[in-house]
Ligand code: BGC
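In structure tokens, the next block holds one chain alone, the form predicted alone.
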């Protein structure tokens, strides 16, 4: 599907309607505002293949676990963000013919996502089976200024006929998830009403009892003049709508302005949902579409000023990075510490919309560099609030004394992933959360977080690692058995190097954190130690583990081994695979994948990315040269890590190749899975590829360091970084590097190993 969407610096453009790619387009053209999101489903009825998706942040359902054989410790449910009541519908009928792009002849179809303003546009000409032609233009946005408001402008122009027509405008809560186990529907009706021009449905989730009020109001105009309407109300279970009869006049433009209010009991008392929904609808109609859009687009203008990356000379690369930034910005705003980031955001159902380790490993740096400090802090506070649940999760697996195992998949802190190789074995996610605390403090200098929240989390995680290892009498070392590393094409292995390394690093960093808090506020440490029953004896044992941990390696090649026995595999490169074998996760049996050497995503290299300053460049190079040729990059999280390390090693072509792959992963459907939704969390990796990869940004001893280079395909690129109350803008061209301190006091920034003092609004130009 590569290059199906037209290249443009600010827009995603689809020209011509291809039903085969429709679900992919529904994902790519999705819109949201942090509170809610909507796939790019058509407003009119569509009988072709589609994945209907409307989502409300924080609202989820504990779907029944479905496994063939139950094992102790399995989660009892798989939590998922629900397909929420539909609000976008503007169904059109002329006589007994429905406007349905699966049944009408479609010409001049064009769909555009304007990322600069957060507007979805669509236009086409449809010919009904009896020859009547109508032109349609639709605009839609989810307001970034008013997080509970969505708006649609939908125009109909009959080209060769005049006729009566009916419009069906409604709220439909009789929906279900495509990934529902046992085809269960998750919503019960609480309330509905269908007045003329206003319809509201309140639905409640089974078991979790979240309530969502979805309401619509509308105005119909002909040639910009509001017209009287013949309206019939319609209600049935979980459904409230209006059927509107209109006269279509040849050549005259009929416009429907549809306003929606989507409110959750997470943000309003249940007894006030209907009243507040109606109030927001009234306000929206009074404000009107144009002014609502103006307010919305101003928020996007501000966001782009904060986080835009410009690339000159490579439109595909420019489009890719802006698409990724756009999706990240409309998925998570950081204003509500109860919310986190699902791997698909508001674009699809896969992975249930739950929180994974992706947030800490990939997303946190994006928000550190592009938003105010509280946004990233809230991501960490989210995990602190779930610490007790992490202790309970560990307890279910037999761990004790305050050991904490954070879930691989969660909504409320409970583990809800029922694949054993994930739930029981992919425990490296614990390390990512510890690393995020370190990364946040290193970047912000906010050591208060360590005292208030971070240390308690680190101790819980360290207690888990101390119990998860065991002493090997044969090796005379501590070992870690039965794990799955980041490379999920290996299950139930012993001594995954990355897991062993990040476990020991966590134990060491926790000891450093204890010493820091002790020196700063010994009483606070004593209070915490008493509450969680922590003693110095634990830390002494942790030191014994870190001093005696086993790490698999091949001293001849000078590499770390992904796990014990890796060299027993038949070592091949990806280039030896024919195209007919790719992607292997869709072409091969699981047995064949597990026995192969092929790697889904960075594993050893994930550790070398996190702990780059622990190793010399040649060690990183040897490991990269060994593992990257065997990596199939069938995880969306893979290309960005490889791009950053390739840049460090001076492999400019490989860095660019991996950047383009991560930047255009969904736009070009690299892994044949975009129809399930976009890969939101990996999109943060695209930003990292530019900032840490090409820009070479690192934090060392509290200072910013840059070691930039420019890909041959680019003329220049620029980015903006927020750092400890400062805003720095950097532009890299073929000959120079220009740095400007946009705001904040004088700041020392290092370029290519040399310190430069930046003064507000004064440009520093360095010869590249």
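Positions refer to the first chain, counted from 1. Here the structure is a predicted model, which means the values were calculated and not measured.
There is another form of the same protein, the form predicted in complex with the named molecule; it is not shown, and what comes next is about it.
key: Sole residue of 238, 91, 600, 621 within 4.5 Å of the named molecule in the predicted complex, by heavy atom   = The residue from 238, 91, 600, 621 that makes the contact is 600.
message = Quick check on this chain: which one of 204, 675, 488, 336 has a heavy atom within 4.5 Å of the named molecule in the predicted complex?
response = So the residue touching the named molecule in the predicted complex, by this definition, is 488.
ask   = Within a 4.5 Å heavy atom cut-off, is residue 343 in contact with the named molecule in the predicted complex?
value = Yes.
4.5 Å heavy atom contact, residue 358 and the named molecule in the predicted complex = Yes, residue 358 is a contact residue.
query = Does any heavy atom of residue 408 come within 4.5 Å of a heavy atom of the named molecule in the predicted complex?
reply = Heavy-atom contact with the named molecule at 4.5 Å: present for residue 408.
Contact label in the predicted complex: residue 351 to the named molecule, heavy atom within 4.5 Å = Judged by the heavy-atom cut-off of 4.5 Å, residue 351 is in contact with the named molecule in the predicted complex.
query = the named molecule isn't shown here, but in the predicted complex, which of 343-351, 254-262, 516-524, 127-135 has heavy atoms within 4.5 Å of it?
reply = Looking at the partner contacts, the answer comes out as 343-351.
query = Using a 4.5 Å cut-off on heavy atoms, which residues of 626-660 contact the named molecule in the predicted complex?
reply = Those in contact are 635, 637.
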